[in-house]
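Given as structure tokens, the chain that follows is alone and in the form predicted on its own.
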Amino acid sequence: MIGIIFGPPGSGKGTQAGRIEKEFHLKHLSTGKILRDEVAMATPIGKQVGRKMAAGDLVPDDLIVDIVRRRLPEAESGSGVLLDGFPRTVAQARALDAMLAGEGHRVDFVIALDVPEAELVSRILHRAAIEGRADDTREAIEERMHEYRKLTEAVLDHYRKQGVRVEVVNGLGRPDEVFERVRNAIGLSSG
């Protein structure tokens, strides 16, 4: 099974993805975490993307697709994979579709968390203060929101047109409340 958790920065993708991973036995593949780890380890990829992330820019499609291409086989070894932070553009979605089709798979569902922008900014600034994430400045947040609206919402339409089940879930409330809505949206029995 291949799922995607989708939503703007600060919508709770990481929190909910961890719960989905545990409940539905899907391997959580977070491109944001992979990229932050690469930056922290100062790898060649990390050096290449660090400046872009600090400015709030999206990592180039070819680079992120290559990262996912390398990580996807190890993630698919169990019941399936839940992608978090990828695809962010229609070009990335098409590349993912081609990768999966080559193995006889396709995206089974998309969960899109919906949170008002003022709440998103508040959450991200709070997270930045707690975790010390340098890429979470007000300027970077505003740029990421702009990029999200401009590019990534089109990914939802891409999957809707392909007949993939896209479920928009209210992301406000306690994590347990949001997860109950996510679980119902996925609509599969766990275990």
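Quick caveat, the model's predicted, so the values are computed rather than measured. Throughout, we count residues from 1 along the sequence that is shown.
Omitted here: the form predicted together with adenosine-5'-diphosphate. The next part is about that form.
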Triplet 66, 97 and 159 all within 4.5 Å of adenosine-5'-diphosphate in the predicted bound form via a heavy atom: no
Residue 127 within 4.5 Å of adenosine-5'-diphosphate in the predicted bound form, heavy atoms: yes
Does residue 88 make contact with adenosine-5'-diphosphate in the predicted bound form, using a 4.5 Å heavy atom cut-off? yes
Please check if residue 142 has a heavy atom lying within 4.5 Å of any heavy atom of adenosine-5'-diphosphate in the predicted bound form. no
Report yes if any heavy atom of residue 36 sits within 4.5 Å of a heavy atom of adenosine-5'-diphosphate in the predicted bound form; otherwise report no. yes
Listed residue that, although adenosine-5'-diphosphate is not shown, lies within 4.5 Å of it in the predicted bound form (heavy atoms), from 45, 58, 166, 29: 58
For 125 to 141: residues with a non-hydrogen atom within 4.5 angstroms of adenosine-5'-diphosphate in the predicted bound form? 127, 133, 135
